[in-house]
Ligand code: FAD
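Here you get one chain, nothing else, as structure tokens; it is the form predicted alone.
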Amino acid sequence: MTSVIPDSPKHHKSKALKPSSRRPAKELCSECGLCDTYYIHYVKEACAFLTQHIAELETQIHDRSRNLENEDEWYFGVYQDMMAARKHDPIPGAQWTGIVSSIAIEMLNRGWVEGVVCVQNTESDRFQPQPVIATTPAEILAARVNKPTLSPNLSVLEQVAASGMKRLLVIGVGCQIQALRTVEKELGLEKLYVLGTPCVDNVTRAGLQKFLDTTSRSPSTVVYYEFMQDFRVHFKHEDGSTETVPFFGLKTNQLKDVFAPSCMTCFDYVNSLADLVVGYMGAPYGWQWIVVRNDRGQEMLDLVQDQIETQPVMSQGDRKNAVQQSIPAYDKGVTLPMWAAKLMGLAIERIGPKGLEYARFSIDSHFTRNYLYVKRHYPDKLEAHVPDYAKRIVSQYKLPDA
């Protein structure tokens, strides 16, 4: 294939920034990778931390914005269907059962797409992200397992243009997908599919190391980890063992500043601009949560229907008291003794929120925290940056003075 630069003078005049350059979003940059390409020309409109326009993009992508009279849509975005699912035969080494990888492989094998933008890791560091355009199932499988660090997924967009690909699947998180959707019409593609994952609290590689060092019994052997519905962090180790640490036992006083400022100012936890979202937080323990946002998303899910079992989403418990108590606890960096944290975790696991109510608990906890962060650190951005649905969610709680 010959190298092709999009036929626009805007692209010819624009030059990617060097990796060490200061980004237009400055300290709020999520390192999505757009500024590493000539699409930097569009960064003012595309960057989620310079211009927040989710409602406009929802209408563009899904043909409507979310219905704020429907509580599920304020929380989870525009959707056609929602369910819990898991593969009959899980993919070995996958973080969950491998639904994301399976969809990507089916799309590639059936010729729906010519490439899949996904994230492998470098040879020297399993947690250092390396975005690629996968063109074989093996390359897709090499990207399984989440990378909990800031990742420049969109840095490969110039390679897409140079390859001549016209049908593409992109797997990514909210800030990456908002930027992608803003420049979508400039990519010269005939078909773009977006498979999203929910995302919250990413870190730099150094920040990740601090989290592992302060939380895990064996930081050097952690293969992956996840904050789970049982109110514990689950660490998977090289020997196959699982280590769990209760949320309430985290060393919050040491970790308050470890998360990237971009994540502390993000209000798109559920990846509202993807066609299909696969995560875990709205599903029972051991299942994945699937949100179909539009017809493209349903087509993608249909490809693996014979590989998965599904069940309706459920919701149980009441999150609000737990969220209200968590606001000052996080704000003050409260860290409980481990014995007390384990007791609290057992009690909340037994009587606390489950299913969609757990998902709302997680969203409420992060949105109240992030709203306070923006109010304190970027008060001039507060009104324009916080979407209406997030303001509605935050308004349910009493916040400490800024």
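The numbering used is simple: start at 1 and walk along the sequence shown. Note that the coordinates shown come from a computational prediction; the quantities given were computed from them, not determined experimentally.
Another form exists, predicted together with this ligand; not displayed. Remarks below refer to it.
- In the model of the complex, this ligand sits within 4.5 Å of a heavy atom of residue 280.
- Of the heavy atoms in residue 158, none are within 4.5 Å of this ligand in the model of the complex.
- In the model of the complex, residue 226 approaches this ligand with a heavy atom inside 4.5 Å.
- The closest non-hydrogen atom of residue 144 lies within 4.5 Å of this ligand in the model of the complex.
- The partner is absent here; in the model of the complex, the one residue of 172, 115, 297, 77 having a heavy atom within 4.5 Å of this ligand is 172.
- Listed residues 100, 107, 323, 168 were compared with this ligand in the model of the complex; 100 is the one with a heavy atom within 4.5 Å.
- Only one segment in the set 247 to 255, 193 to 201, 78 to 86, 297 to 305 has any non-hydrogen atom within 4.5 angstroms of this ligand in the model of the complex, and it is 193 to 201.
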